[in-house]
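Okay, so here's just one chain, in structure tokens, the form predicted alone.
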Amino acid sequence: MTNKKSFGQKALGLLRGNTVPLMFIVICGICIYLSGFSWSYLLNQVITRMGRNVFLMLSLLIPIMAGMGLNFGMTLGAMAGEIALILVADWQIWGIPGVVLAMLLSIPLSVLMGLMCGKLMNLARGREMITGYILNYFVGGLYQFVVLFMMGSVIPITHSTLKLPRGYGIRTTTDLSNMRQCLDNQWAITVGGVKIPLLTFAIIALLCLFIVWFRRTKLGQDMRAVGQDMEVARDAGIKVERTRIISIVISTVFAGFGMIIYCQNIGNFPTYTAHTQIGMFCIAALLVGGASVERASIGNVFLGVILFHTMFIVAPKAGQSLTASPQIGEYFRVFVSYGVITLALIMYEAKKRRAKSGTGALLAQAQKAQKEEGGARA
């Protein structure tokens, strides 16, 4: 009886801890059946999106480890990557050399914006996520000012194909067709009609190894200590504010790299809007993979990108099968991407309150036991 009860408790705990991934597995299963897509098509699309999105999602892990929650400020790094790509496109440096140069150019911009973001988040301790989200709008305005007015007038842009007809400002779409899938086509192999971009996955694997190694370094251990309890970490001699800023800077730099990988895969990007949904979709996919505000792993990243983007692929076709309108599927996947973030945050807050009430109950029991012991002695 006890074994059955413990098994039931374990099953219930597993269900509670993985509600969002299990829900998405069911949704994806239904949508795959309704869409009628072949497995080879689905695998091709999922692997392509993995190569496109995983690097961006991995950039979220280090701030979570440092207790700063979901880094909506990763969008700042994406903007740095876009500015670097515009400059590389103007200099006509294409292929892998262009990708490497864009990454190098994005680093100083990402570091600068990461420092600003980290310092602001230290001032808004406990509200890092909403601070990062609102900061995106502020920096987005600065980004548009630079790209729309300064490029071509103050910052030299020589190629007219990039500039607006008035002579300054960048066109609404930046063409990267000469760079398109230069990483994905390098060392690519095809297995059963499914293209596997080995170089892209090798770069992702290097970042995964870096994260695993980084967690074991002193700085990584300091970040974990800060994430668990800032006051205890401060008493242990850890520079809490500095450690938190470093975590945001690293995340922002990796987000810039990830945006460059993302854009080279597509072959162009909307100059003024490409970064706006990047943070939202990456965070939604990470939460779909079973991550939370305070804990995330590399496994959550890969599971999340598979489930979330499978839903993105099949939802329009499933919506068309059900309602004869693919637009319903479009609405559904946008609704789900925002809804999953809301659901995950509500569940996190509920879990925190349960833990707090449980701690309070234990404390009350301890105090009661002390009083009873004192009364018995008297």
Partner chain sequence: MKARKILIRLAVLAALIGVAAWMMVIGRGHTVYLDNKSVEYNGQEYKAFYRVEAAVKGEEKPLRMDARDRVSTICIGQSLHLDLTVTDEKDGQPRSLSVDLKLPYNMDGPILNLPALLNGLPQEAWLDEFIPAPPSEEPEDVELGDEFGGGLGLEGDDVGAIMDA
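Residue numbers count along the first chain shown, from 1. In this text the structure is predicted, and so the values were computed from the model without any measurement.
Note that the form predicted together with its partner chain isn't included here; everything after this is about it.
Proximity to its partner chain in the predicted complex holds for none of 35, 44 and 185, with the criterion being a heavy atom within 4.5 Å.
Heavy atoms within 4.5 Å of its partner chain in the predicted complex map, among the stretches 23-31, 317-325, 44-52, 60-68, onto 44-52 alone. Remark: residue 221 does not count among the residues lining its partner chain in the predicted complex, judged by a heavy atom distance of 4.5 Å or less. With a 4.5 Å cutoff on heavy atoms, residue 236 does not count as touching its partner chain in the predicted complex; it lies far away. For residue 122, no non-hydrogen atom is located within 4.5 Å of its partner chain in the predicted complex, even though that partner is not displayed.
A residue is said to contact a partner when one of its heavy atoms sits within 4.5 Å of a partner heavy atom; residue 192 fails this definition for its partner chain in the predicted complex, lying far away. Only one of the listed residues (201, 214, 302, 272) places a non-hydrogen atom within 4.5 angstroms of its partner chain in the predicted complex, and that residue is 272. The partner is absent here; in the predicted complex, the one residue of 297, 131, 276, 292 having a heavy atom within 4.5 Å of its partner chain is 276. Contact annotation for 120-158: residues with any non-hydrogen atom within 4.5 angstroms of its partner chain in the predicted complex are 137, 144, 148, listed in sequence order.
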